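Take a look at this single chain in structure tokens; it is the form predicted on its own.
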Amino acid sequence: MTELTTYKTTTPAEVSKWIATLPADEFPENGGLNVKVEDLQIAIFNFTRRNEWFATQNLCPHKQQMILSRGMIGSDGDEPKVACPFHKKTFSLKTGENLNGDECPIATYPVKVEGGTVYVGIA
């Protein structure tokens, strides 16, 4: 069982290494894909409508299920967000904040695309 405490947000300034995941063209447009980065399951979102990439923990903090990569993505004003498919709580893809005002934010990670490959930054 994966502990919620396993996931810690990494800011761009904290990145100590970039982990290659998959070619960018393997990610669905305006959707997410679950990838394993070291011992973590990370949800990477290819938000083509915004021309941006985001990465979060794949673990829903409420239901403790690896599901966030299958959540619907959208925007609340300028805030990109993902909705958990189980309980519809929404989380900021930029900060991980629970946008419903509840506790239980999710961890976020920097993403970059170089040479057609998607990388996730970890501390």
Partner chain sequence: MKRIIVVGNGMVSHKFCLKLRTIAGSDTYEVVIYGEETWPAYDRVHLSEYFTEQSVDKLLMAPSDWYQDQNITLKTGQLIISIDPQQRTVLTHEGKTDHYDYLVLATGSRPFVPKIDGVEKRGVFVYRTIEDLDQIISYAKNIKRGAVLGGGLLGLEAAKALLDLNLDAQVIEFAPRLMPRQLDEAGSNTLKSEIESLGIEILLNKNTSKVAGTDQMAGLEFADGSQLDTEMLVISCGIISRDELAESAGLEKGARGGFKVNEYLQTNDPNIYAVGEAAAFNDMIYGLVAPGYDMAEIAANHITDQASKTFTGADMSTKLKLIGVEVGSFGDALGDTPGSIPISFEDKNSGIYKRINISSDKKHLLGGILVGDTSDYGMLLQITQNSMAIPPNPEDLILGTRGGQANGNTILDLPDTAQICSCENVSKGDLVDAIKSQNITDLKELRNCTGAGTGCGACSPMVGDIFSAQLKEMGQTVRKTLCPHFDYTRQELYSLIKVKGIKTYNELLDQYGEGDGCETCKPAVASLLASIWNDKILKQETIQDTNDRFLANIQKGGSYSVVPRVPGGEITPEKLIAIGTVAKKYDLYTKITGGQRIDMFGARLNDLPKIWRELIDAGFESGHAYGKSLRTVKSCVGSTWCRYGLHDSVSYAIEIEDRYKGIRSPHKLKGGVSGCRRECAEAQAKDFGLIATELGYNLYVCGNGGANPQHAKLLAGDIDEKTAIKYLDRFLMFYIQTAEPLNRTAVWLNKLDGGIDYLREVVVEDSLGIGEDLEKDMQALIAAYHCEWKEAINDEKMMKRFSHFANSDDYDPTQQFSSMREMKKPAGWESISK
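Residue numbers count along the first chain shown, from 1. These numbers were taken from a predicted model, which means no experiment stands behind them.
Keep in mind that the form predicted in complex with its partner chain is not shown, yet the notes after this line are about it.
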| query | finding |
| --- | --- |
| Any non-hydrogen atom of Ser92 within 4.5 angstroms of its partner chain in the model of the complex | no |
| Close approach of Pro61 to its partner chain in the model of the complex, 4.5 Å, heavy atom | yes |
| Contact flag, Val15 vs its partner chain in the model of the complex, heavy atom cut 4.5 Å | no |
| Distance check, Val113 to its partner chain in the model of the complex, heavy atom within 4.5 Å | no |
| Those residues of 73-107 which, in the model of the complex, come within 4.5 Å of its partner chain by heavy atom | Ile73, Gly74, Ser75, Lys81, Ala83, Pro85, Phe86, His87, Lys88, Thr90, Asp102, Glu103, Cys104 |
